[in-house]
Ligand SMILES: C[S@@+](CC[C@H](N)C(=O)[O-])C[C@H]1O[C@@H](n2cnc3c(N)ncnc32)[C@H](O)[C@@H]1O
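Take a look at this single chain in structure tokens; it is the form predicted on its own.
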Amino acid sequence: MTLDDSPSYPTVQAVLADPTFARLKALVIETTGMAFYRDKNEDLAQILVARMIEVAVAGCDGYLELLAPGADEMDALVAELTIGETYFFRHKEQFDALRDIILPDVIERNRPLRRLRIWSAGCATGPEPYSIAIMLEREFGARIADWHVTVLGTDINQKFLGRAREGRYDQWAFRTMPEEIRAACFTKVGNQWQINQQYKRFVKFQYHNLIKSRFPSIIDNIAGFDIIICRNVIIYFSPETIEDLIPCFHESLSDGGWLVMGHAEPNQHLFRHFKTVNTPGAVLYQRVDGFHARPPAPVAAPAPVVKPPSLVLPRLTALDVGRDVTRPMVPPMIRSAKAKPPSAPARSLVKPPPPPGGEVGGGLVRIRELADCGQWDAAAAACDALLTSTPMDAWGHFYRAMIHEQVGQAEECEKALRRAIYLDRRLVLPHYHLGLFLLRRDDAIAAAKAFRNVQALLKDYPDDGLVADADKITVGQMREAVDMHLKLIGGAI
């Protein structure tokens, strides 16, 4: 290509004046939930211009064509839009509360089950989940020595997740970490520091879009958490989006579980279904089934009324945790559309090909409800009862595999997944989750084979079709997830 043939790249002003810019902006906000860009047109245009230059596209129309579902360019654009600046033990007061209040409470309550599940939502490059793992090992290692512990980090930015899995960081990421802890937990590699394997064993990373992915969902491993940490993420979302997300977090916690939000995000109305706990420098939210904040006094009253107690509970110490300060009546929990209980897939009047993976019977709905609420023992019992009466039910074996995974029974999980595939090789989800299982076991070649089986099963279906029993996941979204995993595997083998 000669210089005369080079494309003429647009300026920021040209992008802002382009009629297609509004469509690009709408797609960005719809995909990421980042309403932050609603009034940041110039900032968004600068990012778009940089990407257009990178991929040699001359205008908004051409660039929009590159952002089809599953396209590499959407990942690249998201990587530029999202903010990955983070560091270890960020916001000391919240980690103090985690060490002094939350973890002692959760570990004591879970002692009979010997399980612990923690979710770092919006984990960026991974310092937050690794900080939690370091705290668990150094402060509570003896108490959870033989427990099944999961620290799950999720993010929308694939580039960040790749760096998180690698676990290698520059000096700047340790600016609040004492040098002796860094020396004990990391190994110097050139100009960077690599986290030691001991502190990686609890931690898993996966893609998850808070806006577009349904949760709680045992299918996505987003259910039954003891602790959820989502700090400085929702500040970029619209008020309507935030209103939908908070009930989803509530339902993704087990009874007694804790939610930690950013230090700038307290809002009594949003967190009205949680018990609020004040600590020095941090506000914590606890799911306590049967708890609900008292309603405010009526605006117009015939006589003076006594002002109800503050909705914010007094500061508590570790000894106070679990003490119920109030026991008001609780109205029905209002579920957001994203958090509705699972139900059998609706049948269209005109749907010639069945959804890939087949239909799911009503007997599994209750199992899904129990599992999504983190009631693993009850879900396992219901699943075992189903399989006793119908031992050849492939879906039953699939859900039993999901429950085995959550309680740390890896060998039983793999057997149940393979049994489901043996009974019905057409089911998409068992192949997909077998691929995820094999990835966690570092068997990249076998995982790639499982993901290619998913691709083969989906090849004759349109992108807008639904994958059966997959939380309204479309065929296109499933293809996108599989393509992402295969790209990661390709870089590892």
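For every residue, the number given is its place in the sequence shown, counted from 1. This structure is a prediction, so every number in the text was calculated from the model and none was measured.
The next section is about a form of this same protein that is not shown, the form predicted in complex with the named molecule.
- The stretch that touches the named molecule in the model of the complex, counting heavy atoms within 4.5 Å, is 233 to 241, out of 392 to 400, 184 to 192, 233 to 241, 99 to 107.
- This chain appears without its partner; in the model of the complex, the one residue of 286, 82, 406, 254 with a heavy atom within 4.5 Å of the named molecule is 82.
- This chain appears without its partner; in the model of the complex, the one residue of 279, 150, 86, 221 with a heavy atom within 4.5 Å of the named molecule is 86.
- In the model of the complex, no heavy atom of residue 165 sits within 4.5 Å of the named molecule.
- Residue contact check for residue 208: one or more of its heavy atoms lie within 4.5 Å of the named molecule in the model of the complex.
- Under a 4.5 angstroms non-hydrogen atom cutoff, the named molecule in the model of the complex lacks residue 453 among its neighbouring residues.
- By the criterion of a heavy atom within 4.5 Å, residue 156 is counted among the residues contacting the named molecule in the model of the complex.
- Residues 122, 123, 124, 128, 155, 156, 157 of 122 to 157 are found to place at least one heavy atom within 4.5 Å of the named molecule in the model of the complex.
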